[in-house]
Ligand SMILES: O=C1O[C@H](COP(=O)(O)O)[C@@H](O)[C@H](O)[C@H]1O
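Before any questions on binding or motion, here is one chain by itself as structure tokens, the form predicted alone.
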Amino acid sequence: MSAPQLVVHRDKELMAQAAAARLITKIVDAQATRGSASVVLTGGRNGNGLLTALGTAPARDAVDWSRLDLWWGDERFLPEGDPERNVTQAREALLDRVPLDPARVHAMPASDGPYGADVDAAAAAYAEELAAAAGPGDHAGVPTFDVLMLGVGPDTHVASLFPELPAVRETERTVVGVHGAPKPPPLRVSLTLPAIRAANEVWLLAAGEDKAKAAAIALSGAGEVQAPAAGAYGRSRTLWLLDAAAASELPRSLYPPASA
């Protein structure tokens, strides 16, 4: 478990640009070291804002996109191409404009895919895909992701792990079907905390006044069942990337002394 580090930016636009630059550096370093990189994407306004910023970043072409594996932390269980699906939004924001290897873009199953309306079968299939990609030195039956990104919801949820619901209590499976999510759609597929914690680095993104209370709760010692964001951490680094509005309710003892 790594203790959280905080970086607070002036506004959400600067946060997205700085996070994109930071991600490019991590991907390039991983590719230089191992030949490839593995990243878990997140949806929502902050995740998509980062992808949009990545698409216009001056250093974008430093990445060898053909040697990048992309995974997702969660997905809305909707038909392929639905505008509410995270992968659909990611393709629009960035993925359709860079030369990725389609075989290395690991989208979660759609509700009109091979598993039909069975969200639990879809989750099990994604867990099998993760396990097949894991190597002997990896942990928890998933690849050791270089960076796993998570948006933080106003209720402290991350991925589709909502406070008090069964998915946040899961300790064995790496992927679960989520039933009855408190925000639509009710059916989702999500990584679990054990899978999240197998990542080398976990980055939590929060921007806007509506995220301020969630950030303060998660960073002030709350339990993971009540505040799932508190249970999301990486093996070597846990990084909270916030704008000033999202950081506005943090105790001064947590506020980083030097932020951009």
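This one's a predicted model, so the numbers in the text were calculated from it and none came from an experiment. Residue indices: 1-based, along the sequence shown.
Keep in mind that the form predicted in complex with the named molecule is not shown, yet the notes after this line are about it.
- Site status: open, since the named molecule, placed by superposing the C-alphas around its site in the predicted complex, has no atom within 2.4 Å of backbone or C-beta atoms.
- Within 4.5 Å of some heavy atom of the named molecule in the predicted complex lies at least one heavy atom of Asn86.
- Contact between Gly81 and the named molecule in the predicted complex is not found at the 4.5 Å heavy atom cutoff.
- At the 4.5 Å threshold, heavy atoms of His139 stay clear of the named molecule in the predicted complex, well away from it.
- Interface residue remark: Thr192 is not counted as part of the site for the named molecule in the predicted complex, having no heavy atom within 4.5 Å.
- In summary, among the residues Gly116, Pro186, Pro166, Pro154, the only one with a non-hydrogen atom within 4.5 Å of the named molecule in the predicted complex is Pro154.
- Not one of Glu170, Thr174 and Arg197 comes within 4.5 Å of the named molecule in the predicted complex, counting any heavy atom.
- Contact with the named molecule in the predicted complex, judged as any non-hydrogen atom within 4.5 angstroms, is confined among 63-71, 35-43, 213-221, 228-236 to 35-43.
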